[in-house]
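The form predicted alone is given below as one chain in structure tokens.
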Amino acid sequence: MLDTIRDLEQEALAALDGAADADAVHAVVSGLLGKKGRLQGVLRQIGTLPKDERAEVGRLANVAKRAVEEAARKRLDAFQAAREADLGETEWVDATLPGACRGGGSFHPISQMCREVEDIFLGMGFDLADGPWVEDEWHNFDALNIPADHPARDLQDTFWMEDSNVLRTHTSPVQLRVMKAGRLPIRVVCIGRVFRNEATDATHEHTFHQVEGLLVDREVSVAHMLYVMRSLLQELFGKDIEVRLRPAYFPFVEPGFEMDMRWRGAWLELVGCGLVHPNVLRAGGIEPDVYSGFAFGFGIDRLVMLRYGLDDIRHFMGGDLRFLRQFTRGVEL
């Protein structure tokens, strides 16, 4: 058996020396040292040998294994060195040629509109505010003058969590968080995602985006609110737009209004707004006999649909690149 091991070693070394490429090297090593290799077949017979011969056979087998592995490593290194030496001829690159042009990403149309609205309000002296997507019941409902038995809760289909928190149904809870911070006067807007537990269709989505605005100061009136809202819509849709206010009910404002915009010959309901209800001011730690304010909210998705003539809100969350690439404005990510 000792002679057999020596013969296998010499045969393998000779085969490695004549190997034409790396694949041939791997084949020699596998054929000798693999689980079904010839050396392994010899070693399985050790149990049939006398005890005084087994140690020597095992030692010689390990010597043969190390010799073959070392020879294989050197042969592979030689192939790698030869390949790298030839790269200048086989894989040269003309650095003066233009690179491959890849299509880049672009800002989502919702993100584009959010940034545009942010810029307009920053230009009017408003600050940006934000709040958590998961809200407690007090911020999302109670403090906004919507107690547990209030019928207005039926107007908002809600995602309830196991701990009685909710996915915020509007961005209005940010109002309370800003007011409770106690820094007056307040001029903030919050732009972010909101969630409603409802079936989706062309005009309804379970996830959409709202703009929430709040201004609190001394002697704030509806005239201030009308000026701010008209200025925003004129920046977005042109100076010649017409707007009107209609009385409407929202539990967190008094009086409350719907602001409509004339669009292509028809009046469109666009913005909910009004003077902040005294109960909401008190919940935020503000004395309504001293301060007043106005608040407004509207959907970003609706504005984008109007601007581009879209008829299905589900496109925004669908992730279809064919749809999204239509809104590239030359600024790619």
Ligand code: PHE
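Keep in mind that this is a model prediction, so the values were computed, not measured. Numbering starts at 1 and runs along the sequence shown.
Below, we refer to the form predicted together with phenylalanine (PHE), which is not included among the displayed structures.
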Report yes if any heavy atom of F250 sits within 4.5 Å of a heavy atom of phenylalanine (PHE) in the predicted bound form; otherwise report no. yes
Does F296 reach phenylalanine (PHE) in the predicted bound form if we count a contact as any heavy atom within 4.5 Å? yes
At the 4.5 Å heavy atom threshold, is R75 in contact with phenylalanine (PHE) in the predicted bound form? no
Distance check, V280 to phenylalanine (PHE) in the predicted bound form, heavy atom within 4.5 Å: no
In contact with phenylalanine (PHE) in the predicted bound form (heavy atoms, 4.5 Å), from 63-71, 302-310, 288-296, 23-31, is stretch 288-296
Can you work out which of Q210, T158, N145, Q112 has a heavy atom no more than 4.5 Å from phenylalanine (PHE) in the predicted bound form? Q210
Is any part of 10-41 within 4.5 angstroms of phenylalanine (PHE) in the predicted bound form by a non-hydrogen atom, and which residues would that be? none
